[in-house]
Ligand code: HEM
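Just the one chain here, laid out as structure tokens, in the form predicted on its own.
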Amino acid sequence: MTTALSESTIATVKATAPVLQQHGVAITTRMYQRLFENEEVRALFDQAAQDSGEQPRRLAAAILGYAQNVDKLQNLSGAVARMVARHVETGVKPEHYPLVADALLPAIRDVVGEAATDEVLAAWGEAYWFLAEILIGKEREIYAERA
């Protein structure tokens, strides 16, 4: 079961929202570059949406929304439902989540440099896995219903 985020993580994630608003697309673009070093993962994604920049923009908006609402997750229920549906449609599995984390967290540092302190990255790691557990659980339910 997912436990609550720590108060320090919530504060740190919320404090990064302006940085995400300014650099979010650069971060997600870099994240996808890192992620797509794995050809099997690359094949899961709509490359037209990557090439047009649509997917990096969508993910940047989702991450910003998460940062802005990390203390009131009920505001994200619609976005979470859309992500879960898309993940199930494209075959995302629990084993893909560590790959995204391993691409996203370094991408933050790649783009914002020293502003991405170890504390900031640790908070985002905690926040990422908190949301990932929610998504994985909801995706598991849908996969089970369809089996």
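Residue numbers run from 1 along the displayed sequence. Note that the structure is predicted; figures quoted are calculated from it, not measured.
Unshown form predicted in complex with this ligand; subsequent notes refer to it.
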note = this ligand in the predicted complex has a heavy atom of only one listed residue within 4.5 Å, and of 122, 41, 26, 112 that residue is 41
message = My question is simply whether residue 46 lines the interface with this ligand in the predicted complex - judged by any non-hydrogen atom within 4.5 Å.
response = yes
request  = Spell out, yes or no, whether the shortest heavy atom distance between residue 34 and this ligand in the predicted complex is within 4.5 Å.
outcome  = no
inquiry  = Can you work out whether residue 20 and this ligand are in contact in the predicted complex, taking contact to mean some heavy atom pair no more than 4.5 Å apart?
reply    = no
Contact of residue 67 with this ligand in the predicted complex (heavy atom, 4.5 Å) = no
Residues 14, 73 and 76 all lining this ligand in the predicted complex, heavy atom within 4.5 Å = no
ask   = Relative to this ligand in the predicted complex, which residues of 107-132 have a heavy atom no more than 4.5 Å away?
value = 128, 131, 132
